[in-house]
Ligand SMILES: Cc1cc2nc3c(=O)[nH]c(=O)nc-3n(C[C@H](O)[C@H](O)[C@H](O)COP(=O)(O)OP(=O)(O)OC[C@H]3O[C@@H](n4cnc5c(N)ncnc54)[C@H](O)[C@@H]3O)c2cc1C
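Quick heads-up: it's one chain on its own, the form predicted on its own, in C-alpha cells.
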C-alpha cells in the first residue's frame, strides 16, 4: 500500500536541475496547476546560470557552427588564449563532436539551423515577456540594446551576411559610425570605427539575482526542493523513478532533465546518445563604478562581451572546449580583461572576481527539447550553449506542452533528441 507521502510525490513532476531552465519549467508548470519538485545537487542557479553575460539575446540567431567560424577557427586555435581553444590533450575526446560541428556548418544545415533558431527566438521573446511580467521580475530587466564593434572595414564587411540574415527575419538594427558610435558608448577606443546597434536587445540586472528571484516565486507558489545528485532517471509504472547517488530513490509522475552540461550521463542509459559537449566560459566581474557602460558591448573579433550589471561590470566570453574535469585556466579571463582595458581606456580593472562556468553545447547550436526514447514522461531540456537565459521561458513553454500532450506553438523537429 502506498503511503500518503508517496502519493504526494507521485503526483509531482520532478525537475532535475535548478538552473534557469529548470526554474522556468517549474514556473510554467505551476501556471497550469502542476506540483513540482526541483532536484539539485549544488546550489540553486550556481552553474552556468550564475555567471553568464546576462543577455536576452533574441536577435542572436546565427549558429556557432558557421562558414565564418570555420574560416576563423584555424587562426584562433593557434592561440591557446584566443577566442576559441581546445586543450591538445582533449582533442581525441572531442573529435567526433568536431566532425558533427563541421557538418552543421555546411550551407544547407547552416540555413536550417538559422531558421530553427529564429523560430525559437521569436517564441523566446514572447514567452520571456510573459514570464517576466507574471513572475514580477520587470525590475530586473534593462532595455538598452547591444553594440557590436569592428576595428576595420574588412571586419565589418565580413559580418554583413549575418546582418542580412537578421534583416530577413525582421530583426531591427543600425550600423553606426563617428559621432553616433561615440554617443552610444562614450570613452570607446578609437580603434573601433564601426558599430552595429540592435535596440531590442535586453540584459538583466544580474543573471544570478534574476534566477534567485524566479526561484523565490516558484517556492512561494508551492514548489519543493530536494538536495541530491540524481544518478539515474528511469521509467516506472505510472511515472518515473529517480535514483540518487547516495542510494535513495523516489517516484514522480514525470521528470524533466535540465542539468545543463551534466545531462548527457542521464540521457545515455535511456538509449539517447546525444553529443553534448562543454564550452567552458570565463569572465571577470569588476566592482560597480569600474566604467560608465551604457549598454552591453560585443567584441566579436575577440570573442567576448562587456555587460553592465547591478553587481558591476562583467567582462567575459570566449569558447574553450575542454570538458568538465580539467581545472580552470584563468589566464583566459586575464587576457580578456587586458583587452577590455585597451578597448575602454578608462576602465578600472582592480578588484575583479574571476569565474568559470560550463555551457552545455551541441554541434548545431540548437538545444535538445523533446521526450526520451524510453518514455514520454521523461523530457529533455538542455544544450542551449550561450542562450540558456535567453531561451529559458520558451523552452519551459515547450516542455509544458509536451507534458500536457498538446501541440506546441513551433515545430520541435529541429530540437529532437534523436536528430544526431
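Numbering follows the first chain given and starts at 1. Computed from a prediction, not measured in an experiment: that's the story for all the values here.
The form predicted in complex with the ligand is left out here; the points below concern that form.
A.B. asks: Any idea which of 61-69, 382-390, 364-372, 25-33 reaches within 4.5 Å of the ligand in the predicted bound form, heavy atoms considered?
C.D. replies: Partner-contacting stretch among the options: 382-390.
A.B. asks: Can you tell me whether residue 42 touches the ligand? I mean in the predicted bound form, with a 4.5 angstroms heavy atom cut-off.
C.D. replies: Result yes; residue 42 sits at the interface with the ligand in the predicted bound form.
A.B. asks: Check whether residue 359 has any heavy atom within 4.5 Å of a heavy atom of the ligand in the predicted bound form, and answer yes or no.
C.D. replies: Yes, residue 359 is a contact residue.
A.B. asks: Do residue 293 and the ligand share at least one heavy atom pair within 4.5 Å in the predicted bound form?
C.D. replies: Residue 293 lies outside the contact set for the ligand.
A.B. asks: Can you tell me whether residue 14 touches the ligand? I mean in the predicted bound form, with a 4.5 angstroms heavy atom cut-off.
C.D. replies: Contact with the ligand, no.
A.B. asks: Within 4.5 Å of the ligand in the predicted bound form, heavy atoms considered, which of 145, 239, 281, 308?
C.D. replies: That would be 281.
A.B. asks: If the cut-off is 4.5 angstroms on heavy atoms, which of these, 123, 313, 230, 114, is the one near the ligand in the predicted bound form?
C.D. replies: The residue in contact is 230.
A.B. asks: Go through 259-276 residue by residue and record those having a heavy atom within 4.5 Å of the ligand in the predicted bound form; state none if no residue qualifies.
C.D. replies: Read in sequence order, the residues that approach the ligand (within 4.5 Å, in the predicted bound form) are 259, 260, 262, 266.
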